[in-house]
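Have a look below at one chain only, the form predicted on its own, in structure tokens format.
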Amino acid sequence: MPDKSDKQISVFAPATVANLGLGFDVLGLALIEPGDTVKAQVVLEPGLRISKISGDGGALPLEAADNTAGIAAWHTLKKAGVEIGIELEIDKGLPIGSGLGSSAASAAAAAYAVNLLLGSPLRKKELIGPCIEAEAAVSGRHADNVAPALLGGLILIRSMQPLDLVRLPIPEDLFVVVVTPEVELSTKEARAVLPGSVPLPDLVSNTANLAALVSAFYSGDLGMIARCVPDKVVTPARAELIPGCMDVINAALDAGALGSSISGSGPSVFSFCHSQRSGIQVAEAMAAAFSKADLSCRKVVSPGNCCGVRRL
């Protein structure tokens, strides 16, 4: 049960870049910002409710059973075996349908906040299950956003059933650029365009590149990372949904990016860079390319190795 001194807790969960090009549903990376903030407090009235959501323009439901924060919080209480009145407030710092793990950030922040209120009976890794249940309700059963949002860093999801995660090392000088155009793309729509079958040569190419990418993270070989990001399956299909997408990717590469692809389901596009200075230059080039497609955008230049959810 929560302490009297711990009746209200605020938690921040960061944006995440899923897939990293060719690691569809198996790779996810935490960013330094932006993110969602969830405030959780114990209340006398039994049950779980969301009292306020800001930053979403009224798009998200206040009903806890229909909101990823509420669902994750409920499953956290259930997993901990505790019945208590909880009220949540959500401040959306992430745009909805951005390809940055917006629903996962809300879920991760809520699950972690509730766990802290209870005195932390569950480890961070044990909160992934409740967050997966939340994701399943809105965008499918996958952990490539919720795992890095909770644990930080770069996570490989080897298996969902049973859940098996591998933390990958990140080269110290690796930076990640994310440019998010002001257009919404739902995960459902982005998954609907994926091919039902994959030509064998494309499967072989992606498998080889994914194995080499993992090796490159362990060795810190930035040159190898640059050769491994291109994806022949998911990215070409989703690029058609994002105005100017391939021009943005090409602009990033021309500006010195190690590699560039779609973040999650899009429309955000990410790039790997060898320094912060390079990242700033690449971000400007990517934004300029989106501008040619009549889209304004937000830019983030983040260290490659960032912490996940944290108490404020």
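No experiment lies behind these values; they were computed from the predicted model shown. Note that residue numbering begins at 1 and tracks the sequence as displayed.
There is another form of this protein, the form predicted together with another copy of the chain, and it is not shown here; the text below is about that form.
Only one segment in the set 180-188, 200-208, 106-114, 74-82 has any non-hydrogen atom within 4.5 angstroms of another copy of the chain in the model of the complex, and it is 200-208.
The partner is absent here; in the model of the complex, the one residue of 118, 222, 157, 137 having a heavy atom within 4.5 Å of another copy of the chain is 157. Taking the partner from the other structure, another copy of the chain in the model of the complex has no heavy atom within 4.5 Å of any heavy atom of residue 141. With a 4.5 Å cutoff on heavy atoms, residue 240 does not count as touching another copy of the chain in the model of the complex; it lies far away. The closest non-hydrogen atom of residue 174 lies beyond 4.5 Å of another copy of the chain in the model of the complex.
Among residues of the shown chain, residue 53 is not one whose heavy atoms approach another copy of the chain to within 4.5 Å in the model of the complex. The three marked residues, 25, 195 and 212, each reach another copy of the chain in the model of the complex, with a heavy atom inside 4.5 Å. Along 233-271, one residue reaches a heavy atom to within 4.5 Å of another copy of the chain in the model of the complex: 233.
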